[in-house]
Structure formats: C-alpha cells, structure tokens
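The chain below stands alone and is given as structure tokens, in the form predicted on its own.
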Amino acid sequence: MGPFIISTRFGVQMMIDVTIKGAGVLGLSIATEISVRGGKVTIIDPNGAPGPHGCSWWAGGMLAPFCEGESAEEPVVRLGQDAIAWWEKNGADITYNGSMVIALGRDIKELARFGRRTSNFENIDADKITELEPDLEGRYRKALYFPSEAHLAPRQALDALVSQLKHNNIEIQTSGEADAHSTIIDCRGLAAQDKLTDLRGVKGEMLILHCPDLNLKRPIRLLHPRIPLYIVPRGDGIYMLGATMIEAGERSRITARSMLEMLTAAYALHPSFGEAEILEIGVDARPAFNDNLPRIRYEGNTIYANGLYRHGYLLAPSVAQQVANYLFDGTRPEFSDGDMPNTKNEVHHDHCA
C-alpha cells in the first residue's frame, strides 16, 4: 500500500500520495477531499475532463435524499442529507426550492404509497401547489412537498471541482501510470468491470428540452405505476427529463419506447411540453452492485470506490469523505467491502517527510 500521513510521537508525518483513475463525479470528489487535507493527488482519465463520455454528465443533479428513500436503502437517506452542504462548499450553484411529487388523478394512490415510504414532506393541496408552482395551477389536487431538498446543475458542479483542483495545481492527465509510492484509487465506474466482476450496468436515458412557455422552479416527480418521470429545471426554459432504469450495460442508444414514454409523461404533466424542442439526448449506464449501494474495496494495492447507481451527486461526497478518512485516520469506511488493512499499522519510514 502507498504511503499515508500518520503522526508519530516524534512529530513526523507520512505523505499521502494517491493516483485516482477516473475523472467522473466520484473521482473528482475523492481528489477534492484528499487535496484539501494536504495529500498529493494525480488524476488519470483517458477521456480527459468530464464530458458526454461519462454518466456524471447526464445526471439529474437532484439532492433529494428523502425522495430517494422511496426505493433506496437507509444509508442513502442518512448520508445524502450532507450532500447539499458539501457541494455548496465546493463551488456548486445550489437551488434551494425543495422537491415536489405529484400524480395524475387516476394514479393518486401512487402518491399515498410514495408518502408511506418517505419522510420530511408536507401534504399540500391545490392552493399550495399553485403558490409554489403557478404554472401547475388547476392541474393537481394533491402533492407531496419536500422543502429541505435542493438541486444543482451537474456540469457546472463538475466544472467547479475541476477548477478548484486546478487552483491546487492538480490537472487531469490522459495517460500515465502511478508511481511506486502512490496508492491507486480506482473510480472508473462501469469500466472497472474488468476488476469488479459483481458490478453491473443500469442504463439510464434522458432528454434535455427547451420549453420557454413553462417556468417550473423545482424538480417535479410525476408518479406512474409504469413510467415514473422526473423533470429538473436548469433555468432559462431548459429542463432535464429523465430517466429510465434498464438492467443493461448498453451506453449509446435510446430506445423508441423510452423516448415515447418520457415525452408522453411530460406532456401529461403539462401540455406546454408538447411544443418543447429536444436539445440533447443522453444515454449511459450507471455502475451498481446488487443492493444498489456503493462499495469501497481494497484489492491488490488498489482501493476501488464504485457503485453509485443513481445517487452520484447525492452520495459522492460521503464516499469521498469515507475514503479520505480511511487514508488519513484509519477509519473503516461505512461502505467498506471485504478486508480493509489498518492504515495506522502500515508506516513506511522511508517516505517520511
């Protein structure tokens, strides 16, 4: 294992030196956590800076731990509550308008089911819906409002991390190898299937629409027993529409069914979407393990951090902090999987500062 910062009774410290493979949301978050604590960081990604090649680029950016509790495990709700503060501290533009969950009249039972599985929401009526979202006036009788949730624009958030790392003289390299004294942290997402055989792909498809006639202020989730939909405002009449969850690793093509169902659901939410322009179509596969929770795993001198599933921006801060705490303090990560060596027992005196 590479060198760690470890205080000794003589006041000597070890230098943490890591090489991070992958410059998606998790790789950049881990690089940020380690660099601000004084570690040396190298980032290698053959594709360079974040872009359409990575699933982080196509995310919704909803920081909605309580809504996610409808289908996610308890750690997602608990740990996700700290994501808003982390992203704001690290330069992301956060919109603090909460989240709203609605259902068409024929699916109103879905709203009650969603409420039974979640917490920290308000049951609101038609008048409150109109107050929060004037453009939905008269369309819905009931909704759930999650006031403490927020959202961000993923691409701006990624750019903020990259800029902060550049300020600390950390650039994303497109080639190179870790030196002999560096601990490797593998954050390659689905590309890490060559090492993590239990990692699977969950295909997600999304659309970015321009709908200037509509002014929604917060993420809206439209419940439907077959085609649930979320819509995230990006400002200036731009909306992200998503997203499917298909058990497949295919990463490049949207299906006609998915596009039809997403657009149909958006039109049902509000007819103005019928006149919207499709600006982008995004397709990628999210990395996930069998329980849809992340893993931090140590194998063969490499720490693997992976499996964010659909919770990339919600859980990347917690996973990053867990990895950094392990390296700096020897704290076993909550998401640890298998044997994690005790870092405090692995002092390499030949690397003392």
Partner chain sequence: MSKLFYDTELKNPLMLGTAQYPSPSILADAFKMSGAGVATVSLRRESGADRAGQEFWQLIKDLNVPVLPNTAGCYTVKEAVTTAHMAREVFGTPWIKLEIIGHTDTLQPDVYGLVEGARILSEEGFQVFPYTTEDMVVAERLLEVGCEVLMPWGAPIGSGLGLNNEHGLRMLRAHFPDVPLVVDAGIGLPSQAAHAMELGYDAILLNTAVAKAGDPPLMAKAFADAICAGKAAYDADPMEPRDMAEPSTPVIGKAFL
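Here the structure is a predicted model, which is why all the values come from computation and not from measurement. Positions refer to the first chain, counted from 1.
Omitted here: the form predicted in complex with its partner chain. The next part is about that form.
Of the listed positions (82, 107, 261, 186), a single one reaches within 4.5 angstroms of its partner chain by any non-hydrogen atom in the predicted complex, namely 261. Among 112, 126, 279, 248, the residue placing a heavy atom within 4.5 Å of its partner chain in the predicted complex is 248. Stretch 112 to 120 is the contacting one of 112 to 120, 97 to 105, 83 to 91, 156 to 164, since its residues have non-hydrogen atoms within 4.5 Å of its partner chain in the predicted complex. Shown here without its partner, the chain carries 71, 225 and 290, all of which come within 4.5 Å of its partner chain in the predicted complex through at least one heavy atom. Using a 4.5 Å cutoff between non-hydrogen atoms, residue 217 does not count as a contact of its partner chain in the predicted complex. Within 4.5 Å of some heavy atom of its partner chain in the predicted complex lies at least one heavy atom of residue 193.
Taking the partner from the other structure, its partner chain in the predicted complex has a heavy atom within 4.5 Å of a heavy atom of residue 257.
Its partner chain in the predicted complex is not approached by residue 210, whose heavy atoms all lie more than 4.5 angstroms from it.
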